[in-house]
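Considered here are two forms of the same protein chain, supplied as C-alpha cells in two stand-alone entries, structure 1 and structure 2.
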Structure 1
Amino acid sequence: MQPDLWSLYRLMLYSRRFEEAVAALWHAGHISGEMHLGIGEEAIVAAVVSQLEDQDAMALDHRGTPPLLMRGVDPVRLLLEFLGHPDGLCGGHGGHMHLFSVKHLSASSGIVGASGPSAVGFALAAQHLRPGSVAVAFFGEGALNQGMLMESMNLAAAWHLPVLFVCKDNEWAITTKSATVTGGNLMNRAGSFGMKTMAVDGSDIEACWQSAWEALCQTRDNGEPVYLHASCIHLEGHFLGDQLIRTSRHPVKEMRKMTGPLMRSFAKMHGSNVRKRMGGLRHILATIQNIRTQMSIKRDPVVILRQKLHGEELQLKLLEDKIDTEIEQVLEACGLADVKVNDE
C-alpha cells in the first residue's frame, strides 16, 4: 500500500499550526505552567494515528496534542482545556498533559512511562471486548529506563496483547544526553521480550507510514506486541522556553546572561577544585554545542514532506490557507482572535 501524502500533510500541518498558536498563547501569558509541544514528531504520529480504526486506543505521554488532534478531538475543547476553561476537554483540570477522551479511547499522562501500563490495560480490554483492535503507546526514549514501561512490555509479550509500542527518540532526556544515562541498545532491550522490533527515521513520513502499516498489521492480525523505534527532533526543546534551545538560537544574547553567574561560581573560594570546575564549564559548553549541531540538521518532517509535494504550488497554497483559516476560527471560538500566532 502507498500513503496518501496530501492527507498526511494536512494532518501534520494542522497539528503544527495548532501548536504554533498554543506557543503564541503561552508566550503571551494566556497559558500557565510548562508546555510540552510535539513539534518535530508529526511524521511518526501521523503515520500511526492515520491508520488506526475506530475501536483502537491510544495511551499518550506529555506530548499528547498532535495525536489527539489527528484522532479527531475537537480543537476548541482542547485549547480551552489548556486555558483552564470549564468547557475544556476535561473541564479545565487536565492542562495539556493529563487528558482523556472516552469517545476516542485516548488518555495521556505527564508521568514518564505511564503510557505503557495504560496501553496494556487498553489492549487487555480489547482482547476480551473488541477482538481485532489494538492499543498504541507513545513515549520518549527516556521512558524506557522506567520500570513500569519495562513491566508493561513484559506483560504484553507474556499475555500476547495487541500493543504497538512507539518510541520517539530525540536523543535527549530533558537536558541530558540519553546515551549517558542509558545502558545497552534500546532495540535489543525491547526485542529481549520476544517482540518484533522496527526502526525508522521519524522525519520521513513515507518510511514512517510504511513501518507503522507493517507494525499495525502484525499486532492486529497476530495479537502480539510490536516495538517501533523512531528517531526525531524536538524543534522547541523539552518544553517551551527551553534554555538550551534559546542559547542555540541566540548564543550572544543568552550567553551574556549566563557568563556572569558562571564566572562568579568558578571563582568562589570554596567548593570543587579547579579541574572539576573546568570540567563543568566544558560540559555546559559541549551541551550547548550538541544542541546547536542537532538543531542545524534539516529534519523538520513538515518541511521535508512539503518539499516532496513541490510542484503543486496552487494546491499547497489552498490547503495551507484553509488550515490557517481553521486555526483562526479555533482562536476566535476561544475568544482569542487577536492573538498573533507568529509572535513570541
Structure 2
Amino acid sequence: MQPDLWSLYRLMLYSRRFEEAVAALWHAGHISGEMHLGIGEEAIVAAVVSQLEDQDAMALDHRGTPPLLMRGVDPVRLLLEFLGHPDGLCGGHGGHMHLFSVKHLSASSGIVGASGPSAVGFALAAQHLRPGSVAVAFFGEGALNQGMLMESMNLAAAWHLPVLFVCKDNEWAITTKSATVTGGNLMNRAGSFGMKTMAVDGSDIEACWQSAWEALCQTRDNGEPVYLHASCIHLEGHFLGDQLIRTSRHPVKEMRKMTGPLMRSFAKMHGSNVRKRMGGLRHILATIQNIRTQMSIKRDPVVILRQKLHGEELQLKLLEDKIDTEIEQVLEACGLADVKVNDE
C-alpha cells in the first residue's frame, strides 16, 4: 500500500493553519486558559487518523485538535468551542482539553494518561457492538509514567482488545526532559505487556503512514493491541505562552525578569552548599538551552512533506491558497472576519 501524499499534506497543512489561527486568537485574548497545540505532531496523527474507518474510536489527550480536524469534525464548531460559544462542539462547556464528538466516537481528557483507559473502553464496546472496529489512544511519552496508562496496556493485552496505542514522543513533559524521570526504554515497557511494538520517525509522513497501516491492520485483524512509538517535536513548546519558549525566543527580556530573584535566591544565606546550588543553576540553564536546541532542529513534518512534493509548485500553491481561504472562511463563520490572526 502507498499513501496518497497529497491528501495527507492537505490534512496536515489544514491542521497546521487552523492551529496557527488558534494561536493568534489565543494571543489576541479570544481564547481563555491553556492551549496545547499539536503543531509538530501532524504526521503521525494524519498517518493514523486518515486510515481509520467509520466506526473506529479515538481517545485523545490534551492535543486533540489535529486528530479531530483530520477525522472530519466541523472546524467551525471546533473553533467556536475554543471561543466558548454556545454553538461550539460542546456548547462551550468543554474547551480545548475536553472535546467530545459522539458522531466520531472521540473523547478527550486533560488528565495525562486518561486516553489509555478511554481507548480500552472504546475497544471493549467495539468488541461487543462493532466487531472489526478499533480504538486509538494518543498520548505523549510522559504519560507512559502514569499508572492508568500502563494498566490499560495490560488490560488491552489481557482482554485481547483492538487498541492502537500511539505514543507521540517529543522527549518533554512540560519543562521536564522525560528521560530524566523515566527508567528503561518505552518500547520495552510497552512490549513487556505482550503487545507488538513499532517505532517510527514522526516527522516522516511516509514512514508514519506505513507503520500506521501495519499497526492498524494487525490491531483490526487480530483484535490485539499494538504500540506505535513516534518521535516528534512540539514547535510551539508545551502550550501557548510556554515560559521556556518565551525565554528561548526573547532571552534578554524574559531572563531579565527571572534573573534578579534567581540570583538573590542563589546567593541567599542558609541552604545547600555551593556545589548543589550550582547544580540547580546548571539544570535551569540546561533546560532553557535544551529547548533552544530542540526548537532549532529541522523536524517540522509539514515542511519535510512539502519538500517531498516540491516539484509541483503550482499544485502546492493552489492547495495552500485553498487552505488559507478555507481557514479564512472558518474564521468568518465564527464571526472573526476582521481579527488579524497573523500577529503574535
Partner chain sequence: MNKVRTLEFDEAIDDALGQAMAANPRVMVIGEDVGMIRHNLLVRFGRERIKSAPISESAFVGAGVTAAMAGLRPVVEVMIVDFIGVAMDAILNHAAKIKSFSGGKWNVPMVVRAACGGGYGDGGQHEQSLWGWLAHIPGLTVVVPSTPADAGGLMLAAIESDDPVIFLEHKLLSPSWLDFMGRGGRSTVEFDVPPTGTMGECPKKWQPLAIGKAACRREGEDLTLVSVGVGVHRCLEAAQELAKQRISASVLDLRSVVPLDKDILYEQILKTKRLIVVDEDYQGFGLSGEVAAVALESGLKFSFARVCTKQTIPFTRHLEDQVLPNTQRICAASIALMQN
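What you see is a predicted model, and the numbers here were worked out from it, not measured in a lab. Rigid core: the largest C-alpha set superposing within 1.5 Å between the two forms. Reference numbering: structure 1, starting with residue 1.
Structures 1 and 2, same chain in two forms; the form predicted together with the partner chain is found in structure 2.
Relative to the superposed core, residue 310 shifts its CA atom by less than 2 Å between the two structures. Core-superposed comparison between the two structures: the CA of residue 191 stays below a 2 Å shift. For residue 128, a C-alpha deviation below 2 angstroms is recorded between the two structures after rigid-core alignment. For residue 273, the displacement of the CA atom between the two structures, after superposition on the rigid core, amounts to 3.4 Å.
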